[in-house]
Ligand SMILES: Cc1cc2nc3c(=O)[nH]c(=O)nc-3n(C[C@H](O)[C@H](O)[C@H](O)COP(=O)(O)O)c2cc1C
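Presented as structure tokens, the chain that follows is alone, the form predicted on its own.
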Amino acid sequence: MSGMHIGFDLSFTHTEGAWARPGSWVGLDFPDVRMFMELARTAERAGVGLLFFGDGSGIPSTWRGGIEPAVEWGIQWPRHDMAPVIAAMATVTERIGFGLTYSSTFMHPFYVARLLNSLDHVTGGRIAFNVVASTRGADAANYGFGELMDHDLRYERMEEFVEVCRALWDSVAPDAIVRDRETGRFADPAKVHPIDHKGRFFDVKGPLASVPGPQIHPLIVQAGNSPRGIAASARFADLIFGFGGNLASQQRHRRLLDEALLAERRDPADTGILWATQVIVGRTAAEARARRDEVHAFWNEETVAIHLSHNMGYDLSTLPESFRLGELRDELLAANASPAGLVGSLVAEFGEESTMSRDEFFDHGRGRATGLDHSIVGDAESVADALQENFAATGSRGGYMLSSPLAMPSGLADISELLLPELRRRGALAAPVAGATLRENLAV
């Protein structure tokens, strides 16, 4: 059995009320890069392998059709492009990797391939690309899309997007750069080739006008949980970002991924899943529970509804007083919204014929919005017990993408200083390797 790899999810260190929690962002305000540099040092000392930034480029506007509620409460915004922040964090660390998110639904692969190549150089081969198929109307509107692309079509575009990126990264051979000072000859033209890609979504001449990066191909991370998303993962992803908190769903994801990997003639043992898991760890169990209660205090019905509507891509203010879960799922599919997440888990738990009231739905939704429905809360020993048990039950390949709803940086610092030493003492963490790149260091 291999040991766990640990990543930190830094996507929401300042939203959903986190900025106002006691001890958060003391002396600094988001997006001050010094806070992230401090956290990067702490995480690297603790043995964290990856600092991950999810992203979204629109202010939530699905709930009641406007941005005002999200702006007022700071729900899923503000969001900055974290590429420059990653470059700064790389200057104060040596081994830890960095995950950056861009949308294959809206972005162009030439731009993204070039940017990630540059970041691979800046970080010394420590960059990962989290490629996403976007489901949010607020993001789509910022890129000139009047409506969301069909679900399966988004994944077709993603697959072509990654194909183009990989071709561009390969368009300048690793040994093409000769740098012959005596003759002044910089590179061998025979080893630099256009890609001449003509596809359904992109026409790209190439080659990439860049020196090959230390990894050649940055590590590719993908989080698709639907059958179509899992098929895309199996085709090109090096590492999977999975949804934690429900063992049956995790085991289903692992099983379906393994089947899809075999269909692509890839060894399932080589592809790990980092399960997204929110952790609240205290020096005692009582301290951890008190911190959990602090998180609950922020969330009212409107903040829950803003969060859920944005992430589903569906205005939940239109919900009737009662409805069948299967009916809601079908409406989401018809609207090209996301039927996974909360609705998918409720259908799995109660069945598609089950009727639910609006109030019951939002009660369940509060757990999803806060992340407390998939959180592990306790002292270091009990949290470590839970992670070890879950890791064994989900195939012992990959690890955890840990997040904290607490103050920044103390919530994550406590994970670094309390939980990770306990996991290391038990021999549960993946052993450090001498690899120079993130691809080597996160090998399953």
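This one's a predicted model, so the numbers in the text were calculated from it and none came from an experiment. Residue positions are given as counts along the sequence shown, with the first one as 1.
Keep in mind that the form predicted in complex with the ligand is missing from the display, and what follows is about it.
Engineer: Report yes if any heavy atom of residue 288 sits within 4.5 Å of a heavy atom of the ligand in the model of the complex; otherwise report no.
Structural biologist: Residue 288: no contact with the ligand in the model of the complex.
Engineer: Is there a heavy atom of residue 52 lying 4.5 Å or less from a heavy atom of the ligand in the model of the complex?
Structural biologist: Contact with the ligand, yes.
Engineer: Is there any non-hydrogen atom of residue 229 lying within 4.5 Å of the ligand in the model of the complex?
Structural biologist: Yes, contact at 4.5 Å.
Engineer: Taking 4.5 angstroms as the cut-off for heavy atoms, does residue 234 touch the ligand in the model of the complex?
Structural biologist: Looking in the model of the complex, residue contacts with the ligand do not include residue 234, since no heavy atom lies within 4.5 Å.
Engineer: Residues in which of 288 to 296, 112 to 120, 238 to 246, 260 to 268 have heavy atoms within 4.5 Å of the ligand in the model of the complex?
Structural biologist: Result for this chain: 238 to 246.
Engineer: Report the residue, out of 101, 303, 336, 345, that has at least one non-hydrogen atom within 4.5 angstroms of the ligand in the model of the complex.
Structural biologist: Looking at 101, 303, 336, 345 one by one, just 101 meets the 4.5 Å heavy-atom criterion.
Engineer: With the ligand left out of view, which of 215, 135, 278, 309 would have a heavy atom within 4.5 Å of it in the model of the complex?
Structural biologist: Selected residue: 135.
Engineer: Heavy atom within 4.5 Å of the ligand in the model of the complex: which residues of 278 to 304 meet that condition, in order?
Structural biologist: Sequence-ordered list is empty.
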